[in-house]
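Below, in structure tokens: the form predicted alone, a single chain.
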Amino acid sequence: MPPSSLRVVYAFAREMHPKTSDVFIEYGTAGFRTKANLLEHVVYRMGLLAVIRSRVKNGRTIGMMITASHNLEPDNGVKLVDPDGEMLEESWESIATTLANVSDNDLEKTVQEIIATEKADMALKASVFIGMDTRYTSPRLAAAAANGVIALKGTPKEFGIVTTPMLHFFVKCRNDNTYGTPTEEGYYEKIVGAFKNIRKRLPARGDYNPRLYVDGANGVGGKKLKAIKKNLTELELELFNLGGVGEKLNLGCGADHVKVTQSPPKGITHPPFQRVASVDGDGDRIVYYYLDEQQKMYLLDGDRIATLIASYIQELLQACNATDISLGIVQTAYANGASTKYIQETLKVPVEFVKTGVKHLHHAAKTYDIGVYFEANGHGTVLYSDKAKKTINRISQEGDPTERKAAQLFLDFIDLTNETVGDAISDLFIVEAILCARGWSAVQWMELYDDLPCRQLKVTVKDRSVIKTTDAERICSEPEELQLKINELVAKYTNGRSFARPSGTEDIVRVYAEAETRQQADLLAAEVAQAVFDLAGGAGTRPELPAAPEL
């Protein structure tokens, strides 16, 4: 682009999307995420960066998603999606952070440096797909994103309100036409179509009840399931929290609320033992639960979903006689210790631990022929290598009758999976297909193993960077005395385990603890939180300790 054109870009930025705050914002594990009123200049600049990234990738399409996922409504965010539908390449996160924080006066120089350093051919066509969630601030930010794309003579395509996984799917399909059609209808055709095919092969049986209650978090996932429901006879969806008048996104509902508070969402009533699925605000997380007759809650989280999927894939591999296909599960430090024990000792499947963040799980899962990854919060999917797909496809045509039947079913399961990123809708249909295949109720699913009681807390600190971690964030390396104190506290409790890790986006430290009983887990979490407050520069109110349990 000639210098005169670039000067127009920067003049437009100063006039229409000026940087009005000195608050530093960092591209974290899920992009930029903060109060919506701080983001307009950031989103505009990410439009510029998406165009540069597209040209670095020889004109392949890049995605931009406007969302703050499970955060409450006043927040918003933006993240970039790479050509294969995966998260932005990690080396570009620092580039994005730099671009977002420079002054308006330094914007021109910074953009030119990025173009030169990354050797972007600015004569190439550039394509950027833009999606947004249901927040009232999203349309304005999506418009800023489109302005940024247009400013560097890229071509934006706006999809309006879609789930985050849908946008990832569209980007993947645009750059790889063998994966699917890059439209909302194409998404339904592949994902929902695969579920319908599976159900033709596997009619409901046993204790499986095709009725499913869904908490939509007052977000986009519930809205899309409402659209799917119109042409779905294989599953009886009862939908709640769909964002009606006065209902707030993620407030008292959604996957994050259910997982963190370990309590049911508001706005929904159901019979005892009825399966309920809760998705989050942008539709990339899902957890299940049910209540017994005494209203005790049983949570089926991302660990449970991962073990259910992996165990069924094992069955399919055995039925196909596909003995040369490697299967692995990737977890984070938040995975319940009981799930890890079940995977290793009962399923006998390799488990790999990585740092928190989908990009880390996704990368590790790609090292297996079939990699299952889930965070305990319900964000996850399954990745299938070319070798796995070719092997299963070959068996579907050349195996004996039993092997062919299993392989054909397996191919439908692959189509049912959104391999680009964790997808609440795709994962919902995968879980329902497996429960149907086994004739299981939620209670039978829960009986696979017994979770250790756990608790998560947040501690506000003055500077989260003072805490450093190692061993997939399970060990605190700095300050050293904090890990020594955690070790001391954990040793007091049967099956105790705890860790503290800094947030990737704000000055808080997340504390996780598990132990033999609920009371012990609660106290261990509170004690570790207090240690973090004391040793890592806590800010605000000190954590309150619950009553001491009987040890």
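Given the structure is predicted, the values throughout are model-derived calculations rather than measurements. Residue indices: 1-based, along the sequence shown.
The form predicted in complex with a small molecule exists for this protein as well; it is not shown, and the discussion that follows is about that form.
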Legend entry - Per-stretch contact check against the small molecule in the model of the complex, the hit in 40 to 48, 519 to 527, 496 to 504, 480 to 488 (non-hydrogen atom, 4.5 angstroms): 496 to 504
Inset, instruction - Would you please decide whether residue 55 lies within 4.5 angstroms of the small molecule in the model of the complex, comparing each non-hydrogen atom pair? - result: no
Legend entry - residue 289: touches the small molecule in the model of the complex, heavy atom cutoff 4.5 angstroms: no
Legend entry - Non-hydrogen atom contact residue 399 with the small molecule in the model of the complex at 4.5 angstroms: no
Legend entry - 4.5 angstroms heavy atom contact with the small molecule in the model of the complex for residue 60: no
Inset, instruction - With the small molecule left out of view, choose which of 202, 475, 299, 358 has a non-hydrogen atom within 4.5 angstroms of it in the model of the complex. - result: 358
Inset, instruction - Could you check which residue among 375, 75, 133, 432 gets a heavy atom within 4.5 Å of the small molecule in the model of the complex? - result: 375
